[in-house]
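What follows is one chain in structure tokens, specifically the form predicted alone.
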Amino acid sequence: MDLELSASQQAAQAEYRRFMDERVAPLADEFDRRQEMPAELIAELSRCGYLGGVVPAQYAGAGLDAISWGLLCEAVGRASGSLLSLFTVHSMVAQALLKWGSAAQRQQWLPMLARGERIGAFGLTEPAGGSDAGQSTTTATADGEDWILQGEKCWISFAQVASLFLVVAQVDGKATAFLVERGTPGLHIEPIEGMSGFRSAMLGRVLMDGCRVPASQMLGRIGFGFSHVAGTALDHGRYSIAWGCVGLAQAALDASLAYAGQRKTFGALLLDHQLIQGMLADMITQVRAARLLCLRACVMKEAGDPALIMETSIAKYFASRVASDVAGHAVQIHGAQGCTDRSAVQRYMRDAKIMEIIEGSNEIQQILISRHGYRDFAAQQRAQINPTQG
């Protein structure tokens, strides 16, 4: 399996890092304190073509390959976890449209998403249903040529600024996806503030009270909302988050190496203390291992390997744990300095905890991974017993 980056991918990686280092990282703590992401930054990201990274060129997108998109998410996560959530949910909507949208829907919405003329948000989670998202209580009722949506979605990243929501609702008990435009009568957005992490992700509640949506804005078929449409979006979301976690962990590691190389205690640099060396060694190893798992998922994604879904879950599960562990160690290495808002490592630690929850909590990933592992093991055992079958 070739895990080397091509020359064009290396150039793209350098471009992404340069942009994020210059335009995002120095201001990320201020964004966090203000609990907002500036509109002018989002507009600049759109002009650079970054928000349309996963959209094919025929729909005005950048048409990035899987590895280049991963490298972009790593660079974003290294600068701001909150900003990563914009890239994640926006591209989740685009991926769902690419896979399940009609020709007319793709032509209508994808160019606007690619150019940043519309910001996409993913409406699945509800107040009483996070991990059990398949049991949505939001309903959609037919009314002539329209559908009437009734219900609430919460913890929706960038709901405060999104202009196109992908919402999952129940149609006679069957999960179904709808595209809902901002400004639709009956659609109301309430900001959510005071989060421990992702403070500048501009989260919100999406309230639908008699929200009338044209039949042309159903995405896929009745009953496809969770298993197909949301499944496609969530798989892409886990892929993006996995890479973003690698970036966050790398930022925490870099900050720790820099601090340990200049801070002195007991007459010696932190870097010269064995306990700190052990901590740094673990951090370096974890970050590299997480990156390799993400690269493995990249290669499988490019090859169209059906095992990709499970490899993506493994990458997201491991990388989010690494991000949390490494960010926690970074705060420990920085001591009291790492617990103040003058140090970015406290933001890394808060954001890393959110990474372990979103796009399928780590506990859900454990269930999926262990079940898949047992199925593989059982299949191998059967093959050994009956080598001529299958």
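None of the values given here were measured: they were computed from a predicted structure. The first residue of the shown sequence is 1; numbering continues from there.
As for the form predicted together with a small molecule, it is not shown, yet the points below apply to it.
Contact here is defined as any heavy atom lying within 4.5 Å of the small molecule in the predicted bound form, and by that definition each of Leu124, Glu363 and Ile367 is a contact residue. For the small molecule in the predicted bound form, the listed stretch (177-185, 240-248, 136-144, 197-205) containing residues with heavy atoms inside 4.5 Å is 197-205. Taking non-hydrogen atoms only, Ser157 approaches the small molecule to within 4.5 angstroms in the predicted bound form.
Of the heavy atoms in Leu97, none are within 4.5 Å of the small molecule in the predicted bound form. Contact between Val89 and the small molecule in the predicted bound form is found at the 4.5 Å heavy atom cutoff. In the predicted bound form, Ile354 approaches the small molecule with a heavy atom inside 4.5 Å.
Of the listed positions (Ala28, Leu45, Met349, Ile358), a single one reaches within 4.5 angstroms of the small molecule by any non-hydrogen atom in the predicted bound form, namely Ile358. Of the residues given (Gly129, Pro191, Gly210, Gly261), Gly129 alone sits with a heavy atom within 4.5 Å of the small molecule in the predicted bound form.
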